[in-house]
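As a starting point, one isolated chain is supplied in structure tokens, in the form predicted alone.
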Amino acid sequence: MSKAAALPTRLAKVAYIGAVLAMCITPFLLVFAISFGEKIEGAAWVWGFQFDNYKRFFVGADYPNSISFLYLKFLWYSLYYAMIASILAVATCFPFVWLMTRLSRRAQTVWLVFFLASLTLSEVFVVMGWDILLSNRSGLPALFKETGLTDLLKETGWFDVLRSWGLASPRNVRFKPTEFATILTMTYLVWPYAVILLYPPLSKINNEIIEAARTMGAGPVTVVRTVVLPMVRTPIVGTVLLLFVFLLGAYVTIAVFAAPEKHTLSISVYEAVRGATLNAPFGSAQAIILLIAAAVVLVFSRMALERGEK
């Protein structure tokens, strides 16, 4: 290849690297630098190089007089909500996608178009719908009360069980604010993404392999458990991790359905940066720690997957 012909290729590589630096690395470095800044009481913040923001995250602002693990608890709920919701989304989505790949090509196309169209719905729109559905006055709790299901639950003893789970008040069932409503909404939020991500590997499985297993006497459930799942183990784990990273940034769902003491770092970061305190350095420190925690989960998951494959 001549130098003149290679010049456009080099320019394309330079443009690509520049775009990556501008859109990915530069914002991260900027947030990292701000995390070492200092908040000025009654004013904004100034650049600096001190670790008070990170110390405040782990032990509280009044250490050593007192110790607070509030933000560590927010980090725990960030990881907890995201992991449980992503696992539930993939676990409930897998049977549906597998059955969908057994349909005709036309039916598969219709389903895929439907789920692609559902991706246009924003988190605000989805949460608004679930908020109405789970509302204590006009949603399912009101339906339970009007149809007599609440009285039936009380008679059978299940109402006390729901109260122990935090899903009922002394008078009626209650779905918000609860962990149940939070995880349910987050699972629904990423369900279409799980369908889109699982469809390609499942649709590529050769039918002859399935027919061979059926010929040897394996039932449908056995075929899925012993043949299909091992073949798509890596895509399943990858889908769970991708949805996990996506849900770490969920904001509206947490703000609507989670109790204040069970909020996540996404809420805390917004309140620090845009709230009354305007403490961008502390918000940046929280964002960096959340990113590091997500990276640790991804690395260990990858290591576990590679060990399982070996």
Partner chain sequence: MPFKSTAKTINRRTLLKTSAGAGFAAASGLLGSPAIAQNRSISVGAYGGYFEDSLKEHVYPKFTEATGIIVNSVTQPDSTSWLQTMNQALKAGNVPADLSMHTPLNLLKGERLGGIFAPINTGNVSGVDMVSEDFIHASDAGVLGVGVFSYYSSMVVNSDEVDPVPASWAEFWDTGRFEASLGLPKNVNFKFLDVVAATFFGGVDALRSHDGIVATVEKASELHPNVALWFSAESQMEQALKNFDVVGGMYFHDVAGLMASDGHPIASVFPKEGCPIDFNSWTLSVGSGKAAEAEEFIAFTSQPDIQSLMARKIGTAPVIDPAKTDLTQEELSAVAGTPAIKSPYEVYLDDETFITETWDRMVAKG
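Keep in mind it's a predicted model, so treat the numbers as computed, not measured. Positions refer to the first chain, counted from 1. Rigid core (definition): largest C-alpha set, two forms, superposition within 1.5 Å.
This next part talks about the form predicted together with the partner chain, which is not shown.
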Answer range among 219-227, 204-212, 170-178, 102-110 for contact with the partner chain, defined in the predicted bound form as heavy atoms within 4.5 Å = 170-178
Would you check, heavy atoms only and a 4.5 Å threshold, whether I267 touches the partner chain in the predicted bound form?
-> yes
Can D52 be called a contact residue for the partner chain in the predicted bound form at 4.5 Å between heavy atoms?
-> no
Give a yes or no for P27: in the predicted bound form, does one of its heavy atoms lie within 4.5 Å of a heavy atom belonging to the partner chain?
-> no
Wondering, does E271 line up within 4.5 Å of the partner chain in the predicted bound form on heavy atoms?
-> yes
Contacts with the partner chain in the predicted bound form - residues in 70-91 whose heavy atoms fall within 4.5 Å | L70, Y71, K73, F74
Taking the rigid core as the frame, does R171 move its C-alpha by 2 Å or more between this form and the one not shown?
-> yes
